[in-house]
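The form predicted on its own is given below as one chain in structure tokens.
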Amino acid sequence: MPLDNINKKIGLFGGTFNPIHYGHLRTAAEIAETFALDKIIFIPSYTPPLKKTDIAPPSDRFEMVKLAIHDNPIFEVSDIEYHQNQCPSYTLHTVEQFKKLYQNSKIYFTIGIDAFLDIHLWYQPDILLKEVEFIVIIRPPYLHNDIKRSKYIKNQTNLNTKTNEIPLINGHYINLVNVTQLNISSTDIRKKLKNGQSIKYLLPESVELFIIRKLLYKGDS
């Protein structure tokens, strides 16, 4: 194992990134600061199990992330889901690969609260919630107390601090976190592109130019 992989705090930021935008980047930066992470690894999903339409090719989404993060030394992008030889790609298998790579480091997996509330639909969620520590981002229209809707949350009444260690019924914890909310979404960006509207200042210029050059998000699927 490389020496630079030992005793690190590693954040895994998985997502479709369809496309990546400033909301994703700001979230990653604040998570890195809050948890004193040594590295955040963006992991574009290869074939998202719960999303079937309006998705750019995996290679294009990977390239957009690469363009977006090139100037931040603690940001990396991984193509690990490309090499799992499976369709669709599952978060559990991705996490297991990173745990092998960073055996003596602490690994966090970052997702939005909306995704966490759907985690019961993921592949083997009971195992996944034991494998890695989750950072769950609160974002509108969800509030702190909405986390109680998950069947995996142990009874908890006080959810009012900036960062909350929320106990799970399996004895582990998730970290419930507020970040600066930028009113930007990938869905809205795709809609603007289909309607011929500008997406300038919603994402890095390099990503905008890539989308225009590749004619992404112009069709219905």
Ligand code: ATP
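Residue indices: 1-based, along the sequence shown. Since we're looking at a predicted model, the values are computed, not measured.
FYI, the form predicted in complex with this ligand isn't displayed, but the following is about it.
> Is there a heavy atom of residue 115 lying 4.5 Å or less from a heavy atom of this ligand in the predicted bound form?
Heavy-atom contact with this ligand at 4.5 Å: present for residue 115.
> Is there a heavy atom of residue 29 no more than 4.5 Å from a heavy atom of this ligand in the predicted bound form?
Result no; residue 29 lies far from this ligand in the predicted bound form.
> Considering non-hydrogen atoms and a 4.5 Å limit, does this ligand approach residue 111 in the predicted bound form?
Result yes; residue 111 sits at the interface with this ligand in the predicted bound form.
> Using 4.5 Å between non-hydrogen atoms, is residue 93 touching this ligand in the predicted bound form?
Although this ligand is absent here, residue 93 would stay clear of it in the predicted bound form, with no heavy atoms inside 4.5 Å.
> Pick from 182 to 190, 30 to 38, 166 to 174, 64 to 72: which stretch has non-hydrogen atoms within 4.5 Å of this ligand in the predicted bound form?
Stretch with heavy atoms near the partner: 182 to 190.
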